[in-house]
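To begin, one chain is listed below as structure tokens, in the form predicted on its own.
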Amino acid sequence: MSSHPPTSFPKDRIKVLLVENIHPSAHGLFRGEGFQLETLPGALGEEELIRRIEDVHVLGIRSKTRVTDRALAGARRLLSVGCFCIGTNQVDLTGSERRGVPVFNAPFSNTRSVAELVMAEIVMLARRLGDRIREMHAGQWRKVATGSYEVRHKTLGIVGYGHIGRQVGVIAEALGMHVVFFDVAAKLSMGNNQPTRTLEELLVQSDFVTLHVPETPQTKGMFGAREIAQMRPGSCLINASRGTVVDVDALAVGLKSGQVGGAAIDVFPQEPETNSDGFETPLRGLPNVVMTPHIGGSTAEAQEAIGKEVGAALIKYVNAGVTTGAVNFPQVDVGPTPGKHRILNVHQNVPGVLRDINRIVSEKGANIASQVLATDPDIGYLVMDLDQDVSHDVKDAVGALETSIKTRILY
């Protein structure tokens, strides 16, 4: 498949579409570059998305807009997609890569916000504050100490020791908790956090278990009846990762039996597309259950930081071809070469492509000032700086190769 956008895009012709109320911090970055910017408050369904992105160069979404392969097929000018959140499962990453479209996200910016919510929920569960709050709103005065505990000296088990998991561990230790963690990959411990060899080893010793894993085929339904049975009786579960990770029916059974002493759930297997009434879950009405509507990263600080992080990554890709941080693309970060034109070429990763490109460069009499090629199993991404007087000819010839997916030139 070959896609050949116009030779270059003057900045005032770069069209950016941001949907789902992306923070104004991103708006300022794009406007500062002179890009055309359109913003929409809500998520887009597939048909509306297809209609709107036909001539868009940069698409920014959050978690509700689904960028399907069908939508991508009609986006003839699309250069990149930015997920202004942590997750990228709402985007067809394989289809994006196949069309030469890198996808960026914000893996760091809401780390503190999620970690603080998790720690607040641990204290709420330890003191059964959800029940006390509900009783007070119902006009009931229930001053009791039974079942309420300090979190100091309790053990917190962290499943998934990434950016958020490590931050949770640091804060938990500051509150005097013992911290253990389990991850499928070897991770450096923060503070006095201690790794466990298995998930079961973590579950049997933890008073609180918090999940911080991505949504993958391996994590879907990973916490079900078996894992709940392995938990220390009366311990509490917190999930602020992905809704598909926990079997909520099994969790409800565990809560009713007393095997699970409480739960704080911020994410659910099925979540409404918009704010609405009538949300259903088997966890409703159960004692010592704190439920929130996927607000782990919903703070002013996190949203501002996400806008800046993803916005900056998208601008660096549009202006310089930098793909550092893209979740579905070979990683390239090359500084500009003064007085040269930069050619960006995405191609199928098959033998002989670089040979063919270098032959074109030689035939055109071009001098390569810089050349970097990065590959993954499916595509290659070439960044090449050339003399200005031959760059257009080289770009056109490279783009005409059968192996080329997308080729553009930067001034």
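Note that the structure is a prediction, hence the values are computed from the model and not measured. From 1 onward, residues are counted along the sequence shown.
Below: the form predicted together with a small molecule, not depicted.
Within 4.5 Å of the small molecule in the predicted bound form, a heavy atom is found for all three of F108, E215 and M222. Stretch-level contact analysis of 254-262, 185-193, 70-78, 129-137 against the small molecule in the predicted bound form, using heavy atoms and a 4.5 Å limit, identifies 185-193. The partner is absent here, but in the predicted bound form a heavy atom of Y161, alone among F208, Y317, F104, Y161, sits within 4.5 Å of the small molecule.
When you look in the predicted bound form, the only residue of S96, S241, T323, T88 with a non-hydrogen atom within 4.5 Å of the small molecule is S241. In the predicted bound form, G296 approaches the small molecule with a heavy atom inside 4.5 Å. Heavy atoms of V267 reach within 4.5 Å of the small molecule in the predicted bound form, making it an interface residue.
In the predicted bound form, none of the heavy atoms of G157 sits within 4.5 Å of a heavy atom of the small molecule. Taking the partner from the other structure, the small molecule in the predicted bound form has a heavy atom within 4.5 Å of a heavy atom of G165.
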